[in-house]
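The form predicted alone is given below as one chain in structure tokens.
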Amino acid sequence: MNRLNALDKRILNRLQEDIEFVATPWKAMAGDLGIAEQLLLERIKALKKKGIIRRISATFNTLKIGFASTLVAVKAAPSKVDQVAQRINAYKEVTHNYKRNARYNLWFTLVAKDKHSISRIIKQIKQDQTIDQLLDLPATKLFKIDVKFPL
């Protein structure tokens, strides 16, 4: 957080809202922020280069388009958890992950075209020797919340 200036925080907050479906979405967003489009694009590029922004993408109702998803909990040695997270992030099907101060100390979500793909990816991840245990926790009931992380 100390690495972020006030403008970067405003940009990150705005990126968590809808991106207008218009011919020039970045220009529209820059207008909302009261800055030039070029400055917005430069700041986004810098935040991505620093690893603060991992990706900007659409959010879909995966079930309505026939995809499958699951929550996965991993138990890894605390000294290895960052390395495990990096390897897990290499899968494009991983939407996000987070560390927890618990027995299962790394949690992530997987979204793929079908349950078979989910199983295949989980099998590959389980082969990582630095993972002690892995739990596949598919949803039995869907609760959709609109999570934002205000800065």
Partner chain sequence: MLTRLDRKIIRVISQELPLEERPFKLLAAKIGIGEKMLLERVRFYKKNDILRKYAVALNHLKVGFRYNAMAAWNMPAKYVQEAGAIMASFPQVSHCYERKRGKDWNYNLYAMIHTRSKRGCLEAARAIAKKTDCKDYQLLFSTYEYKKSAAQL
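Positions refer to the first chain, counted from 1. If you're wondering where the values come from, they're calculated on a predicted model, not measured in any experiment. Rigid core (definition): largest C-alpha set, two forms, superposition within 1.5 Å.
The same protein has a further form, the form predicted together with the partner chain, not shown here; the description that follows concerns it.
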item	value
4.5 Å heavy atom contact, residue 7 and the partner chain in the predicted complex	no
Non-hydrogen atom contact residue 127 with the partner chain in the predicted complex at 4.5 angstroms	no
Contact of residue 121 with the partner chain in the predicted complex (heavy atom, 4.5 Å)	no
is_contact(residue 12, the partner chain) in the predicted complex, heavy atom dist at most 4.5 Å	yes
In the predicted complex, residues of 28-66 near the partner chain [heavy atom within 4.5 Å]	37, 41, 44, 45, 48, 50, 51, 52, 53, 54, 55, 56, 57, 58, 59, 60, 61, 62, 64, 65
Residue 100 C-alpha relocation of at least 2 Å between the shown form and the other one, rigid core basis	no
Rigid core fit then residue 138 CA moved by 2 Å or more between the shown form and the other one	no
Did residue 58 shift 2 Å or more between the shown form and the other one, C-alpha, core superposed	yes
